[in-house]
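As structure tokens, one chain now follows by itself in the form predicted on its own.
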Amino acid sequence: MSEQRYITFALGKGRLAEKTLELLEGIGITCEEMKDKKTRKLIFVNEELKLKFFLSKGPDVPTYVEYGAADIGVVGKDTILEENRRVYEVLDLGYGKCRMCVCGPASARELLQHHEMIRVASKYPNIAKDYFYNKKHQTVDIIKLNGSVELGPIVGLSDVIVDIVETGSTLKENGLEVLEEVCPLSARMIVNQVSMQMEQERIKNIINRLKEVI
């Protein structure tokens, strides 16, 4: 019998990884090493179950999965849409729920009705472009920002923004509001296309067990 290969998970750092590890524990998949907050290790191994785990920045997770450096990844739907990698999205994990929205001052609502040329600031230029060009058929000038996109309309850089909204309190405090919803978001599990064929039984087993606890 051939030696069983490791199945590798790439998890987006932070809250998402913590929630994912809790969820995996619920189906008996644990990795004690990862609980050590002081550790400098990059790769964590569960020898018994032949599993490996590593943490990475969210936007890199789909890249690791597409190129087979990880078999399975867990990351927000926003990252999957923005990165647009060749991966299978197999499961909505149901946490990290929020919305991708078009936001701005109330006065900008009218600009969205008449398909006029407007400026849109976003950390997610690909999602913004897809929404305005393919769904609204509105020509826009998209400006990529990395920091607080709420500043865009306030300082006159853009008419509106496309951003993630959880509670909407930051918007409110800055005189902005949700004008349109682009799509709902949550944590998703993605799988490498080759791994899905080669390790179908083991991966499907993990997916099915997770479905039972979600």
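Just so you know, these numbers come straight off a predicted model, no measurement behind them. Numbering starts at 1 and runs along the sequence shown.
Another form, the form predicted together with a small molecule, is not on view; read the next lines as being about it.
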item: Check all three, R85, D130 and N134, heavy atom within 4.5 Å of the small molecule in the model of the complex; value: no
item: Interface residue in the model of the complex among G68, G26, G168, P59, criterion: non-hydrogen atom within 4.5 angstroms of the small molecule; value: G168
item: Interface membership of G147, the small molecule in the model of the complex, 4.5 Å heavy atom rule; value: yes
item: K123, heavy atom within 4.5 angstroms of the small molecule in the model of the complex; value: yes
item: 4.5 angstroms heavy atom contact with the small molecule in the model of the complex for I164; value: yes
item: Location of the small molecule contact in the model of the complex, chosen stretch of 169-177, 51-59, 152-160, 36-44 [non-hydrogen atom, 4.5 Å]; value: 169-177
